[in-house]
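Shown here is one chain on its own, the form predicted alone, set out as structure tokens.
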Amino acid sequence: MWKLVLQRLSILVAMLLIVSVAAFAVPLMSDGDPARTILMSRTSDFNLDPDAVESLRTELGLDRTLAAQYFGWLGHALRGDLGFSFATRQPVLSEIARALAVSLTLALTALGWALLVALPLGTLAAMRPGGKLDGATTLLIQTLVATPEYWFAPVSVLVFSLWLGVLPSAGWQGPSSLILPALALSLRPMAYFTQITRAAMSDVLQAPYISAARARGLSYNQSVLRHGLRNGSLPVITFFALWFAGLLGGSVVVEVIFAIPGMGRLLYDAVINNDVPMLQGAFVAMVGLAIVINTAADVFYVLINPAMRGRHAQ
């Protein structure tokens, strides 16, 4: 088991180093001189003094080799210094921390709702294959997959905010502001979680240990709850981690529509404003966090799966 943890941690460190190199290369991929970009963001003047540009290049260390620049940037990043935003003039780390807290709340709420529906619905559909509930579940899955967030979000605002007036249309003022965006983000993961749960439970219910549990006197429902649901939900863990990591930065459309100050909106504004330090910091935060989440999911999967735990113990 410890061998697996050490292996995953070594892969994690290697991946984070690759992410740092990619983030450092963001300014190199953009057009123009970073020093000129910074000065123009401060003065909005295209006729810059060449001496001022050269002075700033020296101050930023842009006259050094790329290797020296990278290790200097990495050293600052490891100390939590990601620079200052071109647009807001605030520390990048504090801006990302605020946005990340919002996106974490939104993503966890959306995926929590998805699981609350998907696990029981997928299990019940698998227990009665070919029945009315199974057919209705399949129809629901197809409907949710075909419902994009960019369509559902404005429609939900129209219905619940403008027509009924029961929920706020935008902003981040309280729990009520969370309902519509979380609902919009929960639809597709709900569909996939239900489909995965149904398929996994269909296999689990045919496993020998379910028959053995029935032979010991447990009812069918008891066998499913005590032995089937734990094993049937294992594949959902992997997809939960993938969706969670994806929603942290992939909810741009929903966050822009509902004016939510999360990571998606932060990235959108950074691209619009050509805010290079913010783009670098957001890239490191989101990709790095996604790698950490998926690594943790791999380890957790082994911990709760006796078969996998025994395989790695050999």
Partner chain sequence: MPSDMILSPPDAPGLLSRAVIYTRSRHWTFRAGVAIVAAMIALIALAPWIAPHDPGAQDLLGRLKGPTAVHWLGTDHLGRDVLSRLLIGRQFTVTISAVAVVITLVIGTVIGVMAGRAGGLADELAMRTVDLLISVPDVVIAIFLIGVFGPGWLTLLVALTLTGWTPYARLARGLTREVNAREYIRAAEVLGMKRSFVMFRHILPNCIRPITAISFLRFGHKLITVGGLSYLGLGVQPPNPDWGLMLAEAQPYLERAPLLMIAPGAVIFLAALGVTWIGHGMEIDTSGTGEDRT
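Residue numbers count along the first chain shown, from 1. Note that the structure is a prediction, hence the values are computed from the model and not measured.
Just so you know, the form predicted in complex with the partner chain exists too; it's not on screen, but the next bit is about it.
Candidate stretches 104-112, 151-159, 171-179, 84-92, one within 4.5 Å of the partner chain in the model of the complex by heavy atom: Contact criterion met by 151-159 only.
Select from the listed residues Leu74, Leu242, Leu124, Ala199 the one whose heavy atoms reach within 4.5 Å of the partner chain in the model of the complex. In short, Leu242.
Although the partner chain is absent from this view, report whether Ile260 comes within 4.5 Å of it in the model of the complex, heavy atoms only. Ile260: no contact with the partner chain in the model of the complex.
Contact flag, Ala52 vs the partner chain in the model of the complex, heavy atom cut 4.5 Å: Ala52: no contact with the partner chain in the model of the complex.
Taking heavy atoms only, is Val256 within 4.5 angstroms of the partner chain in the model of the complex? Result yes; Val256 sits at the interface with the partner chain in the model of the complex.
Indicate whether the partner chain has at least one heavy atom within 4.5 Å of a heavy atom of Gln69 in the model of the complex. Gln69: no, not in contact with the partner chain in the model of the complex.
Partner contacts in the model of the complex for 261-295 (non-hydrogen atom within 4.5 angstroms of the partner chain): Stretch hits, in order: Leu267, Tyr268, Val271, Asn274, Leu279, Gln280, Phe283, Met286, Val287, Ala290, Ile291, Asn294, Thr295.
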